[in-house]
Ligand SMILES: Nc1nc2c(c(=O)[nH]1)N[C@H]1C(S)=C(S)[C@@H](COP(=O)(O)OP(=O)(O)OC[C@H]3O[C@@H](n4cnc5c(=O)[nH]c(N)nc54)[C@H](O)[C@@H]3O)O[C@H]1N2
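In the block that follows, a single chain appears as structure tokens, in the form predicted on its own.
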């Protein structure tokens, strides 16, 4: 159903929503006074408040707020920003609905029912903190610091995470942004060229932009999309490799409709072709490359024809891609990707992307990979204490790493296995801070078993996500619009000749409501109760930010005076570091027992009648984090399943038909969604947006809306070098009216 609304009505609804919510008690002030929603129109003057940094996704655009009295009525991009400028996306605009969501957590709660089926009792902060401190201390005393684990996510989780890691001394920390998102990428690039890549490709100056599974236009990271669009407007050719005709593929010069899981074979064939035909940058490789002879030998068997058969694409198309890259090198943007935890063979794929960039000489040149020269600020946090024994699950009996290229923290599966088996030690206390491990980690039922066997589970969040249903104590956190927080830095987004840097810090646009608290208060109070008061590094979150800013000779007051953003002259990002090198063959990787040259590892194929389940982003949601947002839910209330049109015709399905799912392990979806038939997806795959299908009834808007794809990801695969999960190795059939429908893979 189309959602039509004029800009005028949209802005009116923003203001009305902000003043109407007091009727539900959502806008009671800290003092308990509720402002009347019936004030005469125009009785209050709108004011602009600076210092906002968005967190409706992780991109963190800079904001200003429009306030009317003590209400926030509108959000806009900060016009002083050299990052996003005055632009923000739909999610950024809808942050106001997160702020005033009546379902938001308001008070400390104690579960007096069962985990997973909670009955919540409102308690005081004193009681909540006493219980958190005493229960975590009891686990620490009985089992040691290794008896504790943490699942953190977001900027507010850093401070408590460092308390857990550095002060308490547990290694059992698994951050979703690493182990389910970018960690494989970062480790693979570090093993190839010595630094994590971020998304630092100079797309505005590129002659070719190469995206492997990049859904640009569907992720909507504003400044990143600006760079991408500017590159296309400047004439860059676009190559998109994706089993699905994504928003990026719709703008492409070449769309490679690749078979899922075979991307590394495709990249190896391109590189072998470039090397064998002398179409690579031999001068660059000679100056900066290491292990090139071993690399050349290791990839020599990957002919265009061999890769074409493996990837189910024409050999001529692989050659076309390779020739386009070579003809425009070195001004090519080989994008490293972001969410790269796909098939369990991902480290080798990311190594291949890094090596391909090197073959084309596309490091530190216009249009290539160019890291922004960001200003230095502080990183104040808990000091690391000495502990008896490291108790690192990622070390075997011989003190060798099980996953030697693991991202920071401990691989999730090692934590979960230890918790369930008690080997090599029990894990009985769990802190979940801003993460929803029920919907971020494969093996949903396994995660529930992990939480069920804990002696104590503490959750801190803004919204009642599915994970919060498993908490013993649930603490309400202030939102990004109500708190001081991280210091964000960056460079001028288009890498123009005038190089600039910026520094900003998140500052509250409105005062917190109800009994919500910030991360420093919560962590410090628990630390005091556990006997670590003398180790507390700062007393308030404002002090934390001030310390970090002081490294750059800035203060919060100065930032406010400068419109929320400090600008300074930047540095030329195109200068090659003196010690830069590309390890085409990495001897350390080989010594650890893994392929030292990028190598294709085939993935398991699905049984007959099943299609591979693929998932991704949509422009108006950030996975599950925005599912209860009434504006964004109105824009996209469920997640239709993309189905190949010819396959759908054979199955007797058409657009709008309501279907459910059953996976290869017999697990059925709790809810249903609708079919979207299209020629723009392979017949052996289906696709849906991730994050839907919340099970928590306290999410009154998002509960049971769409299908929870994570519930169908029961087959667990792990990337052998990093220990991170492969997320796209499950297969489904569709169900309709109680009947199971096979999916014909051949069309």
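Owing to the predicted nature of the structure, the values given are computational and were not obtained by experimental measurement. Residue numbers count along the first chain shown, from 1.
Absent from the display: the form predicted together with this ligand. The rest refers to it.
Undergrad: With the cut-off set at 4.5 Å between non-hydrogen atoms, does residue 724 touch this ligand in the predicted complex?
TA: Judged by the heavy-atom cut-off of 4.5 Å, residue 724 is well away from this ligand in the predicted complex.
Undergrad: Quick check on residue 648: any heavy atom within 4.5 Å of this ligand in the predicted complex?
TA: Residue 648: no contact with this ligand in the predicted complex.
Undergrad: Give a yes/no on whether residue 451 approaches this ligand to within 4.5 Å in the predicted complex, heavy atoms considered.
TA: Judged by the heavy-atom cut-off of 4.5 Å, residue 451 is well away from this ligand in the predicted complex.
Undergrad: Going by a heavy atom distance of 4.5 Å, is residue 460 a contact of this ligand in the predicted complex?
TA: Answer yes; at least one heavy atom of residue 460 falls within 4.5 Å of this ligand in the predicted complex.
Undergrad: To test your reading of this chain, name the stretch in 545 to 553, 260 to 268, 326 to 334, 652 to 660 whose heavy atoms come within 4.5 Å of this ligand in the predicted complex.
TA: Result for this chain: 260 to 268.
Undergrad: Identify which of 130, 218, 455, 253 has a heavy atom within 4.5 Å of this ligand in the predicted complex; exactly one of them does.
TA: None of the other options qualify; the answer is 218.
Undergrad: Between the options 213, 490, 407, 231, which residue brings a heavy atom to within 4.5 Å of this ligand in the predicted complex?
TA: Only one listed residue qualifies here, and that residue is 213.
Undergrad: Which of the residues spanning 234 to 264 lie within 4.5 Å of this ligand in the predicted complex, based on heavy atoms?
TA: Heavy-atom contacts to this ligand in the predicted complex: 241, 242, 243, 244, 246, 258, 260, 261, 263.
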